[in-house]
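Heads up, the chain below is alone and in the form predicted on its own; it's given as structure tokens.
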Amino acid sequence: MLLEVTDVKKTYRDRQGQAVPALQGVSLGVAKGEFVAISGGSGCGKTTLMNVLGCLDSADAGSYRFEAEDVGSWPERKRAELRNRRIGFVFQSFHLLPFLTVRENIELPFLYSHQAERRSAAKIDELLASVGLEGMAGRYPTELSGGQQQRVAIARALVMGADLILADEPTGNLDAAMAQGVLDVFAELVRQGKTVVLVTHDPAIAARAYRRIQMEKGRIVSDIKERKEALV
């Protein structure tokens, strides 16, 4: 098992100071090489769960294990190291800097981690080819379509060698054709051994994964694995 959460709970406070439960005893295991879609309506807890899995937030109760290690007991510095080296994030908004080229945007994680010496032009070119953007390293985000910009964001998520990709509504700003292209990239990454956990409110997007988890009111209400490999 790559990651496992057990009886995880998380509560926030609204502006009036009232407790708002976001996760109410969620238990979930994800194996290496899975393609999982987490679905549910607004406020069901799916993004909160994603934040816990990505070490962007901590649970109030319960446990989180990554490769059998108790992440919840780690100091923030060690959690940040896991987040930076093993987990890649893809969001609805591409978060690309318009004044940087595609190559420079992909290189940003090296700069943030003070590892500029690890940058490799060949590696960047290989990543771009893997997401269908071969030859586009010198372009700027404004010269790309929305689907191409999201592919750049995926390449950036992979550049540090991440095993786990967490994607929060990654197709939310794309039309249907572009969305399917991005999902093709995720499916290919899964075939290469990466693990993808995708959050979406769209059943058509969730259907591309081979395991679908439905959430309601901070709980998992269904967990269906229909096939052994991603639908291509």
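What you see is a predicted model, and the numbers here were worked out from it, not measured in a lab. Just count from 1 along the sequence shown to find any residue number.
We do not show the form predicted together with a small molecule, though everything after this point is about it.
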item	value
Stretch in contact in the predicted complex with the small molecule, which is absent here, among 46-54, 175-183, 24-32, 63-71 (heavy atoms within 4.5 Å)	46-54
V221 within 4.5 Å of the small molecule in the predicted complex, heavy atoms	no
Partner contact for G41 in the predicted complex: the small molecule, 4.5 angstroms, heavy atom	yes
